[in-house]
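Next comes just one chain, in structure tokens: the form predicted on its own.
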């Protein structure tokens, strides 16, 4: 064999060796486990189907998370499900925390209707911390879940007492999102509070009264139907409506604005819920100035509850567990007091009633009902 042939053979053998060796190195590279990247977020939130923009409990939780970001230099991610069936898949996705190396400090579920999904996922991921807004989950069975509950009846009693001093028709209404115990607690406290400040209301604990009108939208995200229901209540003689219906409740405020623009024989008012909503009753909510048709809002401090959950999990490193109850005593519920937007000053008599009611509820002198048989 000539020297040229030998040279070509050696070159071919060398190329084959390089190809084989390169393939082995490539195979080795793909077989060696890679280190997963760190999780870019500390907290994950699964919002309720009402989605952000409800000016209510979804937005409240979001604000609490934003406040935590500003105060503690943490970050969060979130998802907005369209339907209840999406809750569990989203929660599982966050609990698995792929492709990230480390889990979230806490996963927050907003809304009572996430309870089944939270329990299913929490059981499969016992080392992951969860929190749920507006539902109690037994810590004996699910020690990794914090239940964020609110004394909604206490805050509702305050706005009801204000309504009792404002009404000129001695007939008030309530629009709820769903006919469920959680929402009936709002209604019961509201009507009880109105009777507390205005005994002319005929309140029978068993049968109710024609002075109190209540109805339910059947959804958290239908402001059009909320407005239609409110139209009927206002034209039926009620001059105040308290809405506890998530985004559907925004329709009640729209109705009050509309009714006052083409006035009945009397002015009508709305009462907001969860977050400060007085600005929504002004002519220009983006640049709110007095007057407003929303004279107060029942404040359910979902923002604080979510903030405290995030602080415990991401800052102190000790996630909250079990029942976390928020009431008048700890500032978890209250009422919106904004005389600048109101355009007038609350009478001393109204403030005296509120002071008496707040003190009495806090020390146990007054017991606010959480339901009436006639509400369901």
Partner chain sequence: MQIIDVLFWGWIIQATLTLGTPLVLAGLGGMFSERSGVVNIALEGMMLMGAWAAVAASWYTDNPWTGVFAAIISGLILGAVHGVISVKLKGNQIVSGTGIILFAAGFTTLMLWVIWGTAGASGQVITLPEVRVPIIGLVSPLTFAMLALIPICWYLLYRTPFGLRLRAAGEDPSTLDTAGISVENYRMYGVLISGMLAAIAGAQMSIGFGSRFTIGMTAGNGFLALAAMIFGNWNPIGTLFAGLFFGFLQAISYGVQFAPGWEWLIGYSSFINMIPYISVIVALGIIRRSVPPKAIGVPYIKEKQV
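Residue numbers count along the first chain shown, from 1. Definition used throughout: the rigid core is the maximal C-alpha set that superposes within 1.5 Å between two forms. Given the structure is predicted, the values throughout are model-derived calculations rather than measurements.
Below, we turn to the form predicted in complex with its partner chain, even though it does not appear here.
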Next item on the list: Sort through 305, 188, 280, 162 and report the residue having a heavy atom within 4.5 Å of its partner chain in the model of the complex.
Entry: 280
Note to self: So its partner chain isn't shown here. In the model of the complex, which residue out of 343, 322, 347, 53 has a non-hydrogen atom within 4.5 Å of it?
What the structure shows: 53
Item checked: Non-hydrogen atom contact residue 222 with its partner chain in the model of the complex at 4.5 angstroms -> yes
Check: Do residue 239 and its partner chain come within 4.5 Å of each other in the model of the complex, heavy atoms counted?
Finding: no
Check: residue 262 near its partner chain in the model of the complex, any heavy atom under 4.5 Å?
Finding: yes
Notebook entry, point to check: Could you tell me if residue 299 has a non-hydrogen atom within 4.5 Å of its partner chain in the model of the complex?
Noted result: no
Notebook entry, point to check: Which of 250 to 258, 289 to 297, 193 to 201, 270 to 278 has heavy atoms within 4.5 Å of its partner chain in the model of the complex?
Noted result: 250 to 258
Notebook entry, point to check: Is any part of 225 to 246 within 4.5 angstroms of its partner chain in the model of the complex by a non-hydrogen atom, and which residues would that be?
Noted result: 225, 227, 228, 229, 231, 232, 233, 235, 236
Note to self: Core superposed first: is there a CA shift of 2 Å or greater at residue 55 between this form and the one not shown?
What the structure shows: yes
Item checked: residue 149 C-alpha shift between this form and the one not shown of 2 Å or more, rigid core reference -> no
